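First comes one chain, alone, set out as structure tokens in the form predicted on its own.
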């Protein structure tokens, strides 16, 4: 009976929502049509490519770019960062106040925001997002790492329908910028939290019309392995400086392709509007700008990072009762001298020359030059020196005792391991091949395997059954937003995850640095702390950095209002872009 009543309740609720949606939708269409008569900017579509399917439509649990890139336009935070000026701007919050001691922040929410199913957005959604999602220990979200300071959480409470207050346990330097985290709809997700199914909610098998957001676009279609289509949200609250309802572009299509070579081909054939340009593609694309009617934008060093990571996880897989990592290999990977030797065997200059056509940069630090003040250029650098690498290995007891070209450890075990990377990235495949070649020169046997990106991520942060992985992370201007990687209990502390207490002294110090630096409001005072963190990383080498790409994009000459920046990329102001009439 309870089940039947529940179904009746659900049907009734759905009907109510549909009625609400219909009323709002009709109103919005009328508004949109009226505005269309005074603006000729509406219409057209933008076609991207992506080399992986999204793993989820749930931004709270997403940890990979293949998901966040696709759903980024569906959700919004209380604030947003301007992609050009880096200024923190109002978004779902129209204004805010802060107490004199900097600990109590009061946000005044917009009153004209509707969820895409027509339900009004309110302070309840903000409180729900923080108290029941981010601070829910049963939900695996990286956001909890960011919003927890020295083990303490924010107090988030509703003051009224459109006023919400955050009380911080201590000062939090990037607080306003961090309020860009996606706010989620309580009315659509509360039952999943109560049922303890939230972590599996809004998976890729969810009907697209059930994904509810406040952003400028909605999910319209998902065909696995083929495409994801977004459509303009008719209820979106955003307006242009001239008062026109945003967004102007009515449809965004992500074509899912096998790799970047296919993405390049589709761009050259005119099937897509933008293409990430690898260094090797640049000589091909640049001369074609005029003939093919596009522009190549070189935005400088990207914010991301690329590295090799060795699995130092000492734990036992509870499902198999076997170690995640072979204890023999684990002893190698935990050996700092072993990692130093590998660092000396990576020929960054050659990788930049061969793979990136000289349009890249050697990377040594956890931050990069585009990050500005928090970048530390004085970290330890490991020059490419195979003889030094060989000597380090020999001194650490890794010697080729049987003269077969492969070293053995002090117990006579042949040093052989698997190296994985994404098969969707031709650049990473090439980089991995170069690194394997050099590692074999110093007597390490490397079995190189390419995996589809989502499978690689699942292995890295889910199965933990890997030896070494070549992969990358996105980045930004705020070091604290990488806390989920660097603190010892972080959700993406993938070389040794799940630590209840720091396993090493240097990890304990990094935990301390992140807790101290986030409480310091003066950037000049924060810098020495983050400099120390970057120095520690360069000394301890949990990640061995490789090379950094240049942010180069080719974009069809059909858009107005483009303002490409290294931080925001080409389409950071997508909802304000419009397509020239002849291309719609």
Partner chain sequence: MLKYILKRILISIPLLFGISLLTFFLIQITPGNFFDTLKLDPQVSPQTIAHYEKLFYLDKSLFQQYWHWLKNLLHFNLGYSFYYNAPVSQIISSRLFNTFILSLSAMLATWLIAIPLGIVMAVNRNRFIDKFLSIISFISLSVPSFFLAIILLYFASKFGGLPLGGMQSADFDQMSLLGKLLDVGRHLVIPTVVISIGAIASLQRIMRGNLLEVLRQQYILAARAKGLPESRVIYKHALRNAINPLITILGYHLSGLLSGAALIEIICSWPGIGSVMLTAVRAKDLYLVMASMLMGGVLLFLGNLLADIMLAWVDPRIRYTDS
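Since this is a predicted model, take the numbers as computed values, not measurements. Positions refer to the first chain, counted from 1.
Another form exists, predicted in complex with the partner chain; not displayed. Remarks below refer to it.
- 461 is the sole member of 114, 123, 330, 461 with a non-hydrogen atom lying within 4.5 angstroms of the partner chain in the model of the complex.
- Interface residue among 108, 384, 237, 481, judged by heavy atoms within 4.5 Å of the partner chain in the model of the complex: 481.
- Contact between residue 508 and the partner chain in the model of the complex is not found at the 4.5 Å heavy atom cutoff.
- Heavy atoms of residue 53 reach within 4.5 Å of the partner chain in the model of the complex, making it an interface residue.
- Although the partner is absent here, residue 491 sits close enough that one of its heavy atoms falls within 4.5 Å of the partner chain in the model of the complex.
- For residue 141, a non-hydrogen atom is located within 4.5 Å of the partner chain in the model of the complex, even though that partner is not displayed.
- The stretch from 338-346, 376-384, 405-413, 219-227 that comes within 4.5 Å of the partner chain in the model of the complex, counting heavy atoms only, is 219-227.
- Contacts between stretch 247-275 and the partner chain, counted in the model of the complex as any heavy atom lying within 4.5 Å, involve 251, 253, 255, 257, 258, 262, 265, 266, 269, 271, listed in sequence order.
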